[in-house]
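In the block that follows, a single chain appears as structure tokens, in the form predicted alone.
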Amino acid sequence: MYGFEALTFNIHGGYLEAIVRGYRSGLLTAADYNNLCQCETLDDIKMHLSATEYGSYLQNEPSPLHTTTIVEKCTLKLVDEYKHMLTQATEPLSTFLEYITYGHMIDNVVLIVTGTLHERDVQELLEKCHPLGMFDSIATLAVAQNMRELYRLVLVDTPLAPYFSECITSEDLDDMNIEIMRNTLYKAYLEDFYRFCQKLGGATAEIMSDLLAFEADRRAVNITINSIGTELTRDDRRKLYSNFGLLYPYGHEELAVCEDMDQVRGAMEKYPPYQSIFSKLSYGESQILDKAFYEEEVKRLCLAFEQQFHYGVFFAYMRLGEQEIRNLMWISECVAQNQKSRVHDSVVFIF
């Protein structure tokens, strides 16, 4: 242990840590996934899930089922669990739990702004937003024409307000600017969350700094790969990388000048934890990269449960829940589109 967490942690955090470990025991196992992969129809998937924690959420859904219904109900279960934990939490755990939702808020803001740019219906966009990232004035995002208006009219009263200071410009919103805004906001959010966890100290600081550093490094790699062949300059690219993580600062210098996938691979193979991820890829191949990153993340998230008296388990459980929903979505889509041969391509086993 790192101090005296064991003496005082259970006064405020003991009940909720027990709750979240109970939730974790309800995650789907490899046997569940193997059975789901054998399903012939979405109703078969529903029948198998009825024996799991998702049973009560899907039991009243009529046939024929749609993939979106399954994903929606499974997300609702995760949201209900999160809300239960949040209502029971006291400071500083309540603030920690709120930090977990800021990423979804950023995604929702970007979704609505992008959708409005392409003249999509606001109501339709709101239905696609993640429920954990909703806030009161989200529907009014559609009126903003540039970053400054976006901040002044809507986001000034949300938790995202401090993160916007770096990307307030008068430039009109277009696809490129919106993507830069998303990454700038994420950078500010991850750095803020990292500082908050360091302030908490102890086991929470150690475990969360590892998980957040991995997230920052993964985003740096994705930004690099996605910006190859675009007009984004090396300096602009470098500004989007978070100022912490295993790759900071020397790895960022190398990634900023990469011109193709093989150069990214060469830069990343110098770092032992990422060597195993990139060794799975053939040269010039980036499709399997997402799955390799998810597998590494799941491994790290599961390790967070090996230790007691820290807040990392709450972050780990929410991320594992989101990964489980991604798995269910992929399996459901493969079954619905009769692509059973590809069902194992993107499923990441959690246990």
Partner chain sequence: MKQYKENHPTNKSVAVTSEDGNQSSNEIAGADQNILNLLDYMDNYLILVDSVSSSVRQGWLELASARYSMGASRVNSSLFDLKSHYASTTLQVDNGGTDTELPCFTLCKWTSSDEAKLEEDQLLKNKSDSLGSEKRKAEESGSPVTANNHAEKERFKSLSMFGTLVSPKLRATQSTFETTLETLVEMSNLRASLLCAYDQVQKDRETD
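Not measured: the values here are computed from a predicted model. Residue numbers count along the first chain shown, from 1.
The discussion below concerns the form predicted together with its partner chain, not included here.
- Heavy atoms within 4.5 Å of its partner chain in the model of the complex are found in exactly one of 208 to 216, 115 to 123, 157 to 165, 94 to 102, that being 115 to 123.
- At a distance of at most 4.5 angstroms from its partner chain in the model of the complex, none of the three residues 10, 20 and 185 contributes a non-hydrogen atom.
- In the model of the complex, its partner chain sits within 4.5 Å of a heavy atom of residue 175.
- For residue 199, no non-hydrogen atom is located within 4.5 Å of its partner chain in the model of the complex, even though that partner is not displayed.
- Interface membership of residue 334, defined by any non-hydrogen atom within 4.5 Å of its partner chain in the model of the complex, is confirmed.
- Proximity of residue 231 to its partner chain in the model of the complex: non-hydrogen atoms within 4.5 Å are present.
- With the partner omitted here, the residue from 144, 246, 138, 225 that has a non-hydrogen atom within 4.5 angstroms of its partner chain in the model of the complex is 225.
- Residue-level contacts in the model of the complex: of 179, 149, 254, 191, one residue has a heavy atom within 4.5 Å of its partner chain, and it is 179.
- Of all the residues from 316 to 351, those having a non-hydrogen atom no more than 4.5 Å from its partner chain in the model of the complex are 323, 326, 327, 329, 330, 333, 334, 337, 338, 339, 342, 346, 348.
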